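Just one chain follows, in the form predicted on its own, and it is written as structure tokens.
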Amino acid sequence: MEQTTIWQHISNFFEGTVFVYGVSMLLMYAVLAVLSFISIRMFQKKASYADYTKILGSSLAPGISVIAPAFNEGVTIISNVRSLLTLNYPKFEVIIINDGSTDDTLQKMISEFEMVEVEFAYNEKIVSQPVKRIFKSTNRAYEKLMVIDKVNGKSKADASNAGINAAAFDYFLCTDVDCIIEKDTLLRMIKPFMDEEAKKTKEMGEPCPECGYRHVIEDSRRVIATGATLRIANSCEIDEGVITRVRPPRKWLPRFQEMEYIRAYVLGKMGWSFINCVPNVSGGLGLFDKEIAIKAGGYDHKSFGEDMDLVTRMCSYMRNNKLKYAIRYIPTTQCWTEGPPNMKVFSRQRTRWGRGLFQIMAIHKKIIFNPRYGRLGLVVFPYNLFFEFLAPIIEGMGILYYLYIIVTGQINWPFAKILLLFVFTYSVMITTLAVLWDQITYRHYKTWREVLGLCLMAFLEPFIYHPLIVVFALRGYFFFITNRKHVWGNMQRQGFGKKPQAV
């Protein structure tokens, strides 16, 4: 009898905790959706009178170094480097880091872009694996291109650090060499930096009564990073590194990812950007202040979530030095990436993401609920802890619990059906809202039939895609706890440029 009472108390406590947790998560999504809507409307209003041609024609535009690590990317390397070289910006360079590739990646670049080995004053401000050679082109058409050949560092982070060391400009854009970047990406992503710089100095309206001069008021806030929306390029039509026709992925796994990306960027990061609480700038596309990134130590080559780790350490550096900062996101799609096409590659990617999140929570645990770190410690990390890190654990425990009470006949079926229907409907509504809002605002897809097909994936997500996300996240947690060895490898690219075949 006593054991039954104890179990009942445990059961009631678990059900109550899960209920409160679930309601809190749903409310957070609703709040983020509202903030995102406001943020996107504000962005559109500012963009309507923004004149990017002034930046394009200005000799004072900040220089940007585009950094792209490459490991065994021989299938797509030439078309993607050409795409990077045609970015629409007055002052930039492209740095490709050949991270010890074992295929023909380096040879293809040397041959295609007429490259020769050169002497270069390489200053190792951030430690990385040794650089063997640096190549520049003998053809003036490719004078913006630099190729670094280095010893394999077993991580994208190590390769990126070598690129940062060689970067000539004050800002660097880190991307993946397999990504396709829109032509105006640098123009759009540098603008938040320039807008904040323009606010830094403001003259007082009236002269100072003591000295008769107008003093300058300095706003010390500094934009340290900007991000933009990423989309899945699978099944899109691409010609010479340019997206000519946007299509939703035809295979079901990349299509789920496309839906997930739209929801994450349109209803997630834009909402966080509105309150200056962006938790992460994607490793696929991020523009950073080089000075702050170097002072923060650059990318951690031992990290499995190197992009979030860098942003966290940059924010920590600013807070530790009592400097105001901002991280901005823009809602326009500036980057297209090839999503994992099969379950093997997808599981490896999401397991690494889960492992990286656990690692970041462990390394930076002192930040959580620490008022010294401001919003980073009181908003960003608590959210990541409760609604990102703990979510797979609580969901996994919840599924096991519900299976147990079903088998033992203790489930309240009327209540369970209502609860599951509510959660399912809410999930579908949030996802559909994100997809429709994105299409109405930017009209990437030509037909509403394509949009409808993407929206329908939301009805299947809770039963097919989301359980996979939970399983692979828990797998990543297990790998971190057991210290399972992991090596950064290529993602078995299928290559761009071919029209998708009919299914």
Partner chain sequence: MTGANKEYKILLIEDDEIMLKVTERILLKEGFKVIVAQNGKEALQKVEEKDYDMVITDLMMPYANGFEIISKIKGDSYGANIPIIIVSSLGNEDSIMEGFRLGVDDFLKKPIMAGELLIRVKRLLARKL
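Numbering follows the first chain given and starts at 1. If you're wondering where the values come from, they're calculated on a predicted model, not measured in any experiment.
The form predicted in complex with its partner chain is left out here; the points below concern that form.
Stretch-level contact check against its partner chain in the predicted complex with heavy atoms at 4.5 Å: of 90-98, 173-181, 266-274, 343-351, the positive one is 90-98. Though the partner is left out of this view, Lys132 does not reach within 4.5 Å of its partner chain in the predicted complex, counting heavy atoms only.
Not displayed here, its partner chain is kept clear of Leu106 by more than 4.5 Å at the level of heavy atoms in the predicted complex. Within 4.5 Å of some heavy atom of its partner chain in the predicted complex lies at least one heavy atom of Ala141. Its partner chain in the predicted complex comes within 4.5 Å of no heavy atom belonging to Asn370.
Checking Cys335, Leu85, Met308, Val223 against its partner chain in the predicted complex, a heavy atom within 4.5 Å turns up for just one residue: Leu85. Exactly one listed residue, out of Thr408, Thr102, Asn320, Thr244, brings a non-hydrogen atom to within 4.5 Å of its partner chain in the predicted complex: Thr244.
Shown here without its partner chain, the chain has Leu56, Gly57, Ser58, Ser59 in 39-63 lying with a heavy atom within 4.5 Å of that partner in the predicted complex.
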